[in-house]
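In the block that follows, a single chain appears as structure tokens, in the form predicted alone.
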Amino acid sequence: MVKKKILITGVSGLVGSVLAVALKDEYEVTGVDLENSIYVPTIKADCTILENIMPAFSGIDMVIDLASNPDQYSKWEVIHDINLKCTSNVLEAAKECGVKRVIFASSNHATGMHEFDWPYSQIIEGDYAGLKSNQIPLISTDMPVRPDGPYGIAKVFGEAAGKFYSDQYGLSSLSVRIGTLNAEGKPINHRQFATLISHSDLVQLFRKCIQAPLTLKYGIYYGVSNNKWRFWDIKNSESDIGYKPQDNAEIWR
């Protein structure tokens, strides 16, 4: 059986490393990044320069797009010069090389301004007084975007650009609004008891995106574990692609 060829842009970062290790036996995984991955073959190239990354896309079935400056506090100039260019170049390279699907690493920061509102502002402080976890109004992907800074704006851009490439060119574009993934794989502050996505749940979610039928042309999904105090709605993740997170941050309480 021929393995699917999966390219991970930004492969040497934390998310890329977690995914590369988990997927490399099941799929033929390669990477493109400024730094070599220690886990999979990597083409060293700058994703802000389209012609430099085109060779990495040749013969690829699907792309997991992680290429960006990952600092959520980056200034607009950095986001403009790096993140927007990386995202648009990946979509263009995928289109030109006949890639069937791009799985874009979006972020919870695409809707981060919700966290200034009650009850989310109370939850992220670890103050659950007067709240019932099963009665929290969940933030869904049907709600308007509310980016909390330039980094979040770039993630909204990626989701919208993916929709254009899906509508205009037939590319399957799925976006994952990743919650909190950290090296520890467990909550390290109050907020993360709500926003954590464990390493194994991250892998499951991206694997489901890879496995989803190509008739699924577009979707946006929150990447979060089944945390007691989760305030993002993941019903469409289950109905569209079968994502069923197994971990709950409370086990580390």
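Sequential numbering from 1, following the sequence displayed. Source: prediction; values computed, not measured.
Only in words, not in the display: the form predicted in complex with a small molecule, which the text now covers.
- Residues Thr111, Met143 and Tyr243 are none of them found to lie within 4.5 Å of the small molecule in the predicted bound form, as judged by heavy atom distances.
- Contact between Glu35 and the small molecule in the predicted bound form is found at the 4.5 Å heavy atom cutoff.
- Residue contact with the small molecule in the predicted bound form: Ser225 places no heavy atom within 4.5 Å of it.
- Although the partner is absent here, Ile178 is a contact residue: one of its heavy atoms lies within 4.5 angstroms of the small molecule in the predicted bound form.
- Interface membership of Val203, defined by any non-hydrogen atom within 4.5 Å of the small molecule in the predicted bound form, is ruled out.
- Interface residue among Met54, Ala212, Ala45, Met62, judged by heavy atoms within 4.5 Å of the small molecule in the predicted bound form: Ala45.
- Figure note: of the listed segments 114 to 122, 147 to 155, 129 to 137, 160 to 168, the one touching the small molecule in the predicted bound form, with heavy atoms no more than 4.5 Å away, is 147 to 155.
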